[in-house]
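Before any questions on binding or motion, here is one chain by itself as structure tokens, the form predicted on its own.
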């Protein structure tokens, strides 16, 4: 693996980022990254475009995905790296999740439309063909209509789970998700698991169960993890033999997160690549001359 900055959590317009996979790779190169993982929500549709964009740039692309799972009332995300995108269980389960996200978004918009001048067409206008459509696109529609100043404000008000419009959607449990990723030759990492107290149910017992199912690591370096939470995660990582990663969770202009604001060590990346067997990193060998 090349030396340099390593960012293992980014999103393109295939899910809820604002940049195409090509634009994302160009931004990663401009930010000085040596390695970037494309981890769109419940989708691998951006992989090939990202590989093509990386050709000749010298950057390494780690193909990945951010898998949606549910644990009680909480939505828990699992970053999946280097799995087989054609694995039958992965294909079927992610299709079911994406359909659940779509139906959930329709129900949310129906509720919101009773109080705000917002239509489903407004939301569709914020997405593109093949997009994993979800709440960020509703947020963007609310911004465009002038109801909130930005996407973050939408999630802190109208789209907050206490806002009265929240709906859940189908997703497997975290343990089921981890097992599925491992069975597909992938490497699972629990995404931002100490975010402002929302993952309090993810206690020591649950982390232990995930480790037993094949969890590789915990995303400790993330702007939304609390400082107390980061300390607790480091203790749990040591106890259960888990690796520690750090990432930006970059969404282009969709979030304030910037590429490489948190990063992963080269040693951890090497272990991750060694463990993954479902697909290989794409190395964009630089042009000579």
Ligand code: AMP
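Just so you know, these numbers come straight off a predicted model, no measurement behind them. Numbering follows the first chain given and starts at 1.
The same protein has a further form, the form predicted in complex with the ligand, not shown here; the description that follows concerns it.
Subject >> Residue among 170, 71, 155, 116 with a heavy atom within 4.5 Å of the ligand in the predicted complex >> reply: After the contact test, the surviving option is 155.
Subject >> Heavy atom distance at most 4.5 Å to the ligand in the predicted complex, all of 221, 230 and 258 >> reply: No, the whole trio is out of contact, none within 4.5 Å by any heavy atom.
**OP:** Would you point out which of 80-88, 172-180, 203-211, 96-104 contains residues with a non-hydrogen atom within 4.5 Å of the ligand in the predicted complex?
**Re:** Looking at the other structure, the answer is 96-104.
Original post:
So, in the predicted complex, is residue 217 in contact with the ligand at a 4.5 angstroms heavy atom limit?
Top reply: Residue 217 lies outside the contact set for the ligand.
Original post:
Is residue 193 a contact residue for the ligand in the predicted complex, using a 4.5 Å heavy atom cut-off?
Top reply: Residue-level check for residue 193: no, no contact with the ligand.
Subject >> Residue contact check: residue 186 to the ligand in the predicted complex, 4.5 Å heavy atom >> reply: Residue 186: no, not in contact with the ligand in the predicted complex.
**OP:** Spell out, yes or no, whether the shortest heavy atom distance between residue 63 and the ligand in the predicted complex is within 4.5 Å.
**Re:** It does not: once the ligand is placed as it appears in the predicted complex, residue 63 has no heavy atom within 4.5 Å of it.
Subject >> Stretch 28-44 - residues with a heavy atom within 4.5 Å of the ligand in the predicted complex >> reply: Just 41.
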